[in-house]
Ligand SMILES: Cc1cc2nc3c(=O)[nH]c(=O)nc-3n(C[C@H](O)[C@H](O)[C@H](O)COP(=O)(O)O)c2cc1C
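Heads up, the chain below is alone and in the form predicted alone; it's given as structure tokens.
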Amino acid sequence: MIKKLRVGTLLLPSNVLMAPLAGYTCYPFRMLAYELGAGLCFTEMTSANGLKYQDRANCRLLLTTEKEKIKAVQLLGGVPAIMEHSACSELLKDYHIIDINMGCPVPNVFKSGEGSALMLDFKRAAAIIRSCKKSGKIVTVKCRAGIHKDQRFAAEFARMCEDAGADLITIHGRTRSMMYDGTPWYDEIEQAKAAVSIPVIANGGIFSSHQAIKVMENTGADGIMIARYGLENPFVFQELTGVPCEKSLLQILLEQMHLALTYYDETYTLSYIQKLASYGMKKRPGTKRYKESLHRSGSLEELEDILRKIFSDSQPPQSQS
């Protein structure tokens, strides 16, 4: 069930993927996920239009080093020519994979004809895939089961993606109208898997390693994509792949803080670690009293102090009962 996965010309070390998550999947977190066994991690959603004008905030999302062996960027855009320009640009020269966002459900993205809105326009979606393929890079697509409960068509959309040249497709089992809540339509993923020959990755509603395996078994998907649960429990990658890990959650958070500070400023590092720690303390008893102090931390020294109080009893996965 857990195995290496071939995507285009690349052989991924595992078929357990980390989803692109705005505000979280920066370079430090991607390196953590890879260390714990993830086969592929994506940048935060990056606007192709922003890259066209070399917007500083968008360009910062592309930070990587040679230590990140497999590099995948997620691009958001709705105009084929602009997507092609970004895919072929010098800004993405170090990236091996371009993932096209055809699943973002938020209103301002949908209204602009990007993200999940592309599922309503097969012709334009296909043109975007073909345009990105001109870069010579591996091209993947992330989409949803459909738009509404009575408007689900993952298999048909997957066939279009394959015909247009996509090398892999990830399907979030919820529809656009469901946003991030409700039980995913996993049967839509199963039908899409049966309809195409390219790898299909299952995504949505996965909050344990057991559930990840169950979703793969039930859908026949070639792999699994972990999203918010990867923030809450980054050890899920290690649990699924068996990669050894001797680090506690506290050690991981402190390493993330120091790595982030190496590449970003203190303001960014504070915000990133506060958000990541908030996820990590979700199911830890007795930590609610620290939440306000965590977000009030005004320096990295204060932040480290509160992290040690919250996670002082954290143990490496092998030591947990």
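Just count from 1 along the sequence shown to find any residue number. It should be emphasised that the depicted structure is a prediction, and the values quoted were computed from it without experimental measurement.
As for the form predicted together with the named molecule, it is not shown, yet the points below apply to it.
Specify the contacting stretch among 289-297, 251-259, 38-46, 265-273, defined as having any heavy atom within 4.5 Å of the named molecule in the predicted bound form.
Heavy-atom contact with the partner occurs in 38-46.
Among the candidate residues Thr219, Gln74, Ser116, Ser131, which is the single one with a non-hydrogen atom no more than 4.5 Å from the named molecule in the predicted bound form?
Only one listed residue qualifies here, and that residue is Gln74.
Can you pick the one in Ile138, Ala227, Met160, Ile147 that has a heavy atom within 4.5 Å of the named molecule in the predicted bound form?
Answer to the contact question: Ala227.
Indicate whether Leu17 is a 4.5 Å heavy atom neighbour of the named molecule in the predicted bound form.
Residue-level check for Leu17: no, no contact with the named molecule.
At the 4.5 Å heavy atom threshold, is Gly205 in contact with the named molecule in the predicted bound form?
It does: once the named molecule is placed as it appears in the predicted bound form, Gly205 has a heavy atom within 4.5 Å of it.
How about Tyr24: is it within 4.5 Å of the named molecule in the predicted bound form, going by heavy atoms?
Contact check for Tyr24: yes, within 4.5 Å of the named molecule in the predicted bound form.
Do Thr175 and the named molecule share at least one heavy atom pair within 4.5 Å in the predicted bound form?
Thr175: no, not in contact with the named molecule in the predicted bound form.
With the named molecule taken in the predicted bound form, which residues across 89-114 come within 4.5 angstroms through any non-hydrogen atom?
Counting only heavy atoms within 4.5 Å of the named molecule in the predicted bound form, the single contacting residue of 89-114 is Asn101.
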